[in-house]
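This document opens with one chain alone, in structure tokens, the form predicted on its own.
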């Protein structure tokens, strides 16, 4: 297959530098605007083609304060984390320009070429499809992903190897390959052909042309800042509200039975979570005062605090809004804890942000599939995703609100906004119904728990955790 290589005419360097700096500030000034975006540059290619030199020259032409560069050695893929997790913290915010030398493609090539059981073509292509979907999600959330492959012929590579200082050889072992080995060179080129169709290909025979072509690719990306798409192309088909949300009454459990079963179940759940080889993410959603906090308290009763993290999710901070909305959750998965509990979660995108009109219809309607892909990646990396919606009636919520107002150590839990949100009760039920229909999957199903009686609900939650751990 012959790939089209980037061939832009050379510009005066002073003019190119001025254009690049102006584009940098244009990009920075989009922050908070309807055309806000960042630029993420993935750099890959043949060793000694001049990737580092091109980035170094770019830094001299631009304002270096606003060019972020990160270089990592290749990570071998493993089933304990997603391919994007090592790079979550490097996804740029609105207005930023980031160059990643090491990235998920470097890792894919390293894995394909060096594992004891090499990836077969179907596995390799499946990774590529997942990566391209992830990159499209980034683009949809205003991260412009620019992919650049630095190409070099075998003959030119060998000539540069001949002229390489022996002390530098160890720094030039991309993917651990022997660049004197024609078979390994050909294997890398053959693998790259499977994903490189949408990349910018730079012929690196001419160093000056290489540097300029790389800079012009970056320049074009920074200058292209169209307004975000907000128009909805298709008519929305709302889901029917589940009966359990309309009538969430459940049978009360006697105090004696509750205490006995709670003690037994909490121990079983703690042991099941502790000794499972997989990680666990447990998500709690529901109306205000639905009992999320009480359920979490019982869930962790027999766990050591060092075994889990609890994330209580509020409105995103200003700096978080400048990233893709899932970014603040990606970065919470970088710790070593095997159990992560979320009191509210990424589903705020299709609940509060939708109902309160904080984002466009186009954005929240697109989010369901983005969330499904996110959870699928987690499940594929040995993580069990357990999701609860705690359902209460409107009358029960009012009773709990009043009890909070009258209880000194619970008054902090109730605000005027909580009362105001009751006016949008039906809208939240509609949003929840759409969420269940579009994000309850075989790999991450929703559990709707009637919670007008807290004790019964807490027992059902623990039973559901045990059941899903065993089923998966």
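Residue numbers count along the first chain shown, from 1. Predicted model, so just to flag it, every value in this text is computed and none were measured.
As for the form predicted in complex with a further copy of the same chain, it is not shown, yet the points below apply to it.
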Assert contact_stretch over 317-325, 154-162, 225-233, 391-399 against a further copy of the same chain in the predicted complex, heavy atom within 4.5 Å, equals 317-325
With the partner left out here, check for me: in the predicted complex, does some heavy atom of residue 11 sit within 4.5 Å of a further copy of the same chain?
no
Would you check, heavy atoms only and a 4.5 Å threshold, whether residue 416 touches a further copy of the same chain in the predicted complex?
no
Heavy atoms within 4.5 Å of a further copy of the same chain in the predicted complex: does residue 464 have any?
no
Give a yes/no on whether residue 450 approaches a further copy of the same chain to within 4.5 Å in the predicted complex, heavy atoms considered.
no
Pick from 360, 187, 216, 302: which has a non-hydrogen atom within 4.5 Å of a further copy of the same chain in the predicted complex?
302
Tell me, out of 198, 271, 207, 120, which residue has a non-hydrogen atom within 4.5 angstroms of a further copy of the same chain in the predicted complex.
271
Sequence order please: the residues of 126-143 with a heavy atom within 4.5 Å of a further copy of the same chain in the predicted complex.
none
